[in-house]
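Just the one chain here, the form predicted on its own, laid out as structure tokens.
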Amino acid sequence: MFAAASGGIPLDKYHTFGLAVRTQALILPAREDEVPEAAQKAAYILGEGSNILPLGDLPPVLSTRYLRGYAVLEATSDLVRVEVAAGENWDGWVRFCITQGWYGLENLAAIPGSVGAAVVQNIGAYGVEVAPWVESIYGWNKRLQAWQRLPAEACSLGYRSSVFQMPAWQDQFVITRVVLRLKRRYEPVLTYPDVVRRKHPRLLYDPLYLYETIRAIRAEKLPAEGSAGSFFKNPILKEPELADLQKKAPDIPFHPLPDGRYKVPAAWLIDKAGLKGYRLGGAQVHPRQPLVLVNLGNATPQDLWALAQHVQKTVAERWGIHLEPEVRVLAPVPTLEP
């Protein structure tokens, strides 16, 4: 469960950027009853490390990736309530649900990371978010020194955000289980442009085909490794802000939201600012999907962070829009001894 060494533990296999950083200790509980003791030793709490940028060697890290399993709590002709361990791989879980006849998550295929991390970030893609399917969260509260079950309503699940990203909760609550309420009837969401363009009739009745279609779309745009997926959030603008942006970019795509605001694609802003394929040291703005920053194999944390800041600065100067990182930036400790 616990590994430590004077020179630190390599962390390149425990986060998707694959950077050559280390941690003072790597804590890997495999059972829920190991979590309370493990949590007290950890400064950072991760899943599969698919949404982090470590800026150097880290203090002790806990990963929940080995907490596995599930239990069906209720099953009717209309729905299933299932409790799944936080360490289950998200994409594997989505595929498993389809094989069981549990539907709703198909559009979230191929998103890297674990089930627990999916809730922390309230992942979303191709017209679907995880939030509507979450019933409750269970885990260890370090501050209270107690197990706690939180209903979804208490988790502040918003656009790529949750209560677990807030200062009072971040790295203070270890999610170990998530209860999901899924449908027993396949009701596909086929409104997203990339999906609409496929126009295949099987999408209407074959959930596995939709899952594979989403995987194919993502594979066309995203690198196989060396990234954390989308680095920036899509900006959410009020109507006057959108109007100002349209003066500079009349053809900017936008999506109206229920609250009267508008979401605009960060990838478009980055692309039209001339940054697609831009390189800095060993880091690059992905040439096919400019929302993604990539470690080309020899990037340092400083390369990636400098590139992210350059993208922010360029987009702000060109469009007057501040891009907020979706990836969590982790502060390092002083350099570990070799």
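Just so it is clear, the model here is predicted, and its values are computed rather than measured. All residue numbers refer to positions in the sequence shown, first residue = 1.
Below, we refer to the form predicted together with a small molecule, which is not included among the displayed structures.
J.: Report whether all of K221, G229 and A267 sit within 4.5 Å of the small molecule in the predicted bound form, measuring from non-hydrogen atoms.
T.: Every listed residue reaches the small molecule in the predicted bound form, so yes.
J.: Among the candidate residues Y186, W169, Y138, Y192, which is the single one with a non-hydrogen atom no more than 4.5 Å from the small molecule in the predicted bound form?
T.: Result of the distance check: Y192.
J.: In the predicted bound form, which of the listed residues (T213, T176, S162, N234) lies with a heavy atom within 4.5 Å of the small molecule?
T.: Answer to the contact question: N234.
J.: Could you tell me if G124 has a non-hydrogen atom within 4.5 Å of the small molecule in the predicted bound form?
T.: Answer yes; at least one heavy atom of G124 falls within 4.5 Å of the small molecule in the predicted bound form.
J.: Is P290 a contact residue for the small molecule in the predicted bound form, using a 4.5 Å heavy atom cut-off?
T.: P290 belongs to the contact set for the small molecule.
J.: Does the small molecule get within 4.5 angstroms of any non-hydrogen atom of R279 in the predicted bound form?
T.: No.
J.: Evaluate K272 for contact with the small molecule in the predicted bound form, applying a 4.5 angstroms cut-off between non-hydrogen atoms, and reply yes or no.
T.: The answer is yes: K272 has a heavy atom within 4.5 Å of the small molecule.
J.: Where, among 281-289, 66-74, 303-311, 41-49, do residues come within 4.5 Å of the small molecule in the predicted bound form by heavy atom distance?
T.: The contacting stretch here is 281-289.
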